[in-house]
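In the block that follows, a single chain appears as structure tokens, in the form predicted alone.
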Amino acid sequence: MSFWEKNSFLDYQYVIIGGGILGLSAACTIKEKTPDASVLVLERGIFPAGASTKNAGFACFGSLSEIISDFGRIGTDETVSLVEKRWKGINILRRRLGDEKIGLLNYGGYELVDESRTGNLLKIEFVNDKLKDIFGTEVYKLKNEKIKEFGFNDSKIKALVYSEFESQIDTGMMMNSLTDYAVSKGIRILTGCNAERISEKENHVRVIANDSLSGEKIFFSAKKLYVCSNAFTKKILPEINVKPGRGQVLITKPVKDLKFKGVFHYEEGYYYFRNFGERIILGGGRNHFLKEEESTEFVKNDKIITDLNEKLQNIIIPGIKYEVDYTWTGIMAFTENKLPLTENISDRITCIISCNGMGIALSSYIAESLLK
């Protein structure tokens, strides 16, 4: 390394490992609260390595059946609190960047309800009552007349639950805008920089990264380190209890006379689809292959892609010709209780991870609440 590199590129007040939406949100929050602080973000990929640039672009907080399921798993109060955090996080993101810069379109959100989940419809009033203090009005309403209007298979879909509060965003625009915002605040971002390990010294934290060009080890120094590397955190902090969850996504070529707009959930949110113009973005199916998809490898699962195509053909656009343009995968992180994980490893090292598939909604809130 040169004298200039050692003198100007290595020492910071804050270093953040992970340049996805959570890591950048944490960095932006730091600079908003302490404008003079020096902040470095290290991202191992050219693009964020997890799901931040690979998600389907849902600004959502949970479907009716997902929330009812969470009531049973983590309790009503904890679920309501989690929904509130997601909703607050969406609005922090919107205020920070502006709707135009994240490509936000409010066509609403819908849940497709099949025969096996019609019992959840009896709980709409109960769920609306629990969420009323957050949204100020009813969140979920039946819109069964839209089933045929949208062209769904009404022999399989028995009800359609609508929420006016869900929107879609352009994930690429959002991440570009968040990156631009971070840079405008004076945050330094290094991509293609793999942080391999950390060590805590008496008055700083050392982050050891690898220079892919020279093979040389680079030693960054921070007064405070935030680890925001989500599913990849165990490579740095193996004691952290988090599991990866790979998501499979496909996008069609434009579908002639596509009948629906909005974001859509199915099977407790394990399937999700939306329009992007005249295209359909569809992802999910991980619930049927949980162990296989507990992976940090960016590999296509042909069984899931086949399943997604089956959902398109038999439920979403039955009888309509379409072509899949291409597919991709993203890697999310999940905790046992489905709650975000914030853990102080020491006075100088904090781990912030696991939005459990809700990174767009939760990242801004988690960053802001942690750094109050």
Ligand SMILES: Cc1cc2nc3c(=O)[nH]c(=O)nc-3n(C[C@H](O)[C@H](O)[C@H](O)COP(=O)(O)OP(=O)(O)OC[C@H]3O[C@@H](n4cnc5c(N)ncnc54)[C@H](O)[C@@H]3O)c2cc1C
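In this text, all values refer to a predicted model and were calculated from it rather than measured experimentally. Note that residue numbering follows the sequence shown and begins at 1.
Heads up, the form predicted together with the ligand isn't pictured, but that's what we're talking about next.
Does the ligand get within 4.5 angstroms of any non-hydrogen atom of K31 in the predicted complex?
-> Because no heavy atom of K31 falls inside 4.5 Å of the ligand in the predicted complex, the answer is no.
Touches the ligand in the predicted complex: T350 (any heavy atom, 4.5 Å) = It does not: once the ligand is placed as it appears in the predicted complex, T350 has no heavy atom within 4.5 Å of it.
State yes or no: in the predicted complex, is some non-hydrogen atom of C228 no more than 4.5 angstroms from a non-hydrogen atom of the ligand?
-> Yes, C228 sits close enough to the ligand in the predicted complex that at least one of its heavy atoms falls within 4.5 Å.
Mark I360 yes when one of its heavy atoms lies within 4.5 Å of a heavy atom of the ligand in the predicted complex, and no otherwise.
-> Close contact exists here: in the predicted complex, I360 approaches the ligand to within 4.5 Å, heavy atoms only.
Contact segment among 188-196, 122-130, 252-260, 145-153, judged by heavy atoms lying within 4.5 Å of the ligand in the predicted complex | Result of the contact check: 188-196.
Contact residue in the predicted complex, chosen from A49, L308, L40, L64 - any heavy atom within 4.5 Å of the ligand | Among A49, L308, L40, L64, a heavy atom within 4.5 Å of the ligand in the predicted complex occurs only for A49.
Please state whether all three residues I21, F232 and M332 have a non-hydrogen atom within 4.5 angstroms of the ligand in the predicted complex.
-> Yes, each of I21, F232 and M332 comes within 4.5 Å of the ligand in the predicted complex.
Of 236-266, which residues get within 4.5 Å of the ligand in the predicted complex if you count heavy atoms?
-> Read in sequence order, the residues that approach the ligand (within 4.5 Å, in the predicted complex) are I236, G247, V249.
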